[in-house]
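Quick setup: one chain, the form predicted alone, written in structure tokens, and binding and motion questions come after.
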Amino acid sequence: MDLEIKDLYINIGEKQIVRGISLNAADRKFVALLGPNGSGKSTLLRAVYRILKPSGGVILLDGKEASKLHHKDTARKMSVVSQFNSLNFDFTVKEIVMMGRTPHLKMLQAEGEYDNHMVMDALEKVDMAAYAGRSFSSLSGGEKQRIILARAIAQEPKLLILDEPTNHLDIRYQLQILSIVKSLGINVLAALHDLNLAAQFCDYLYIMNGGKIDSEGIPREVLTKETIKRVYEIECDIQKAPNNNGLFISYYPPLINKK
């Protein structure tokens, strides 16, 4: 499922959060939204998966206006991993991941052998198969995040929306999760904070600042000292990573004024 956003505006109350953004996630590329806190990344993603209604512009999914598509039709092709994964009722890990199969089932249709296979395969991919019978509420924040990603994978999406997918994860699982996402070979739009991870895994970057696109391009072109200083207000050094096509960005602590 190809995503195209044209001249998008989003207001929350009287405040304009997203201002005239246009972007694409197509051709099976891993696309990232970068930018400081408050730049509008998560707000934009919530409009894509229809939690927020845009104030202007259009969101197209495979060339069709998202607002005119049935939610279940969209769910068969698009899955979401958001920052907030609280549940009012407790379920087992397997039950949580099985929810990803719901868009593919008819009303009152029971899960079949294929559905169970997809669920266990997704749990294997996030290294959580041994937790299938565990209570979801008993898991740590990082474990819950991996289960929510497994649910999204079990959904068999053609477009995956990720809002800070590596939150609460240690370094090993940050690398594992993004490697899994990259290996899916589907369109991905992710909001990320870690510039080094974005440089390593992403095909194309949009850097947001103040609700607008500040710059865009492939990681080597867009992640420059000048851009990082302008957007994040911090000095850095940038080197080519020795064993891959990514970059290694090291930061200097900001100066602190002492009275």
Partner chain sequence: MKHKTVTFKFKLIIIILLLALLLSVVLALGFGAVKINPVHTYYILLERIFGFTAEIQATQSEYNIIWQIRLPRVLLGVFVGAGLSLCGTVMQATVQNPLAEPYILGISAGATLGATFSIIIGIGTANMFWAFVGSVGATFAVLTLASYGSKMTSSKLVLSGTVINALFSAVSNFIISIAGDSTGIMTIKFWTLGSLTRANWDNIWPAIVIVLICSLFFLTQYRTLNTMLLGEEAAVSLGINLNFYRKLYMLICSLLTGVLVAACGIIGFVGLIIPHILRALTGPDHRKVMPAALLMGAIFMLWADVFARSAVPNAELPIGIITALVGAPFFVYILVKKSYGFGGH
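Just so you know, these numbers come straight off a predicted model, no measurement behind them. Positions refer to the first chain, counted from 1.
Not on display, but discussed next: the form predicted together with the partner chain.
Undergrad: Under a 4.5 angstroms heavy atom criterion, identify the one residue in 75, 180, 120, 139 near the partner chain in the model of the complex.
TA: Exactly one residue meets the criterion: 75.
Undergrad: Indicate whether the candidate residues 71, 95 and 155 are all in contact with the partner chain in the model of the complex, with contact defined as any heavy atom within 4.5 Å.
TA: Each of the three qualifies.
Undergrad: Pick from 98 to 106, 139 to 147, 122 to 130, 169 to 177: which stretch has a heavy atom within 4.5 Å of the partner chain in the model of the complex?
TA: Careful reading of the contacts points to 98 to 106.
Undergrad: Would residue 188 count as a contact of the partner chain in the model of the complex, using a 4.5 angstroms cut-off between non-hydrogen atoms?
TA: Taking the distances in the model of the complex, the answer for residue 188 is no, it never comes within 4.5 Å of the partner chain.
Undergrad: Residue-level contact is defined here as any heavy atom of the residue lying within 4.5 Å of the partner chain in the model of the complex; does residue 30 satisfy this criterion?
TA: No, residue 30 stays farther than 4.5 Å from the partner chain in the model of the complex.
Undergrad: Examine residue 204 and determine whether its closest non-hydrogen atom to the partner chain in the model of the complex is within 4.5 angstroms.
TA: No, no contact at 4.5 Å.
Undergrad: Answer for residue 111 alone: is it within 4.5 Å of the partner chain in the model of the complex, judged on heavy atom distances?
TA: Residue 111 belongs to the contact set for the partner chain.
Undergrad: Do any residues of 219 to 237 have a non-hydrogen atom within 4.5 angstroms of the partner chain in the model of the complex? If so, which ones, in sequence order?
TA: Sequence-ordered list is empty.
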